[in-house]
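Read the single chain below, which is given as structure tokens and is the form predicted alone.
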């Protein structure tokens, strides 16, 4: 039984993960941490992170970037592995993540979905065959109208996967409206769509002469990110200090 502390337990994703863990016989949330206790949990909640001294195997974080510094210090002091799901970290905070990973196990990924991370592996294999044969590579991502950043972090992670497979020879193009010229064979185009309540859709297109191959992932709810975080927590418990990501979880 993996014992979990849920950081950001009263937020939407904290509640999603709490509900999923309640149905999981191999995991248990033993305590929660949040700035306010809304009374919507079945486990004790601490509004001050330092007051939570409950014994646990791993901590899952779905909170806010402003809480990241104190969180990393807390996990380091308690030698507690952390699955870091919060996005929007500054360059200084990302550097602190790397420093923290020298002392404790830290798992951070651009997207916690098992499906997206499997897709990243698949498109790398495809790129080595198709891009080498002259296929153009394009990414189209779609999200709800409330999403602030574009392109999404996941779209950039997919582009990085493609580029890594091609020895980082490609550059990214986000907007073709400002210039009139033929597409460069060494570019990866990334397009963003915002509208409605789309949870998340990412499509990777390999376009060749007279044939097109498409890889597509669609998220129908945020529960997929919660499931991925729980699997990551199970994986990380008991691991030595180091920097991990969802690719490690998939490979086991």
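Numbering follows the first chain given and starts at 1. Being a predicted model, the structure only gives us computed values, none of them experimental.
This next part talks about the form predicted together with a small molecule, which is not shown.
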Query raised in the report: Pick from 106-114, 90-98, 168-176, 125-133: which stretch has a heavy atom within 4.5 Å of the small molecule in the model of the complex?
Result: 106-114
Requested in this report: Could you confirm whether residue 27 comes within 4.5 Å of the small molecule in the model of the complex, counting heavy atoms only?
Outcome: no
**Report entry** Partner contact for residue 186 in the model of the complex: the small molecule, 4.5 angstroms, heavy atom
**Finding:** no
Query raised in the report: Hey, in the model of the complex, does residue 12 get a heavy atom within 4.5 angstroms of the small molecule?
Result: yes
Report task. Consider residue 64 of the chain shown here, and say whether it contacts the small molecule in the model of the complex, taking contact as heavy atoms within 4.5 Å. Result -> yes
Requested in this report: State the residue from 53, 209, 36, 197 whose non-hydrogen atoms include one within 4.5 Å of the small molecule in the model of the complex.
Outcome: 36
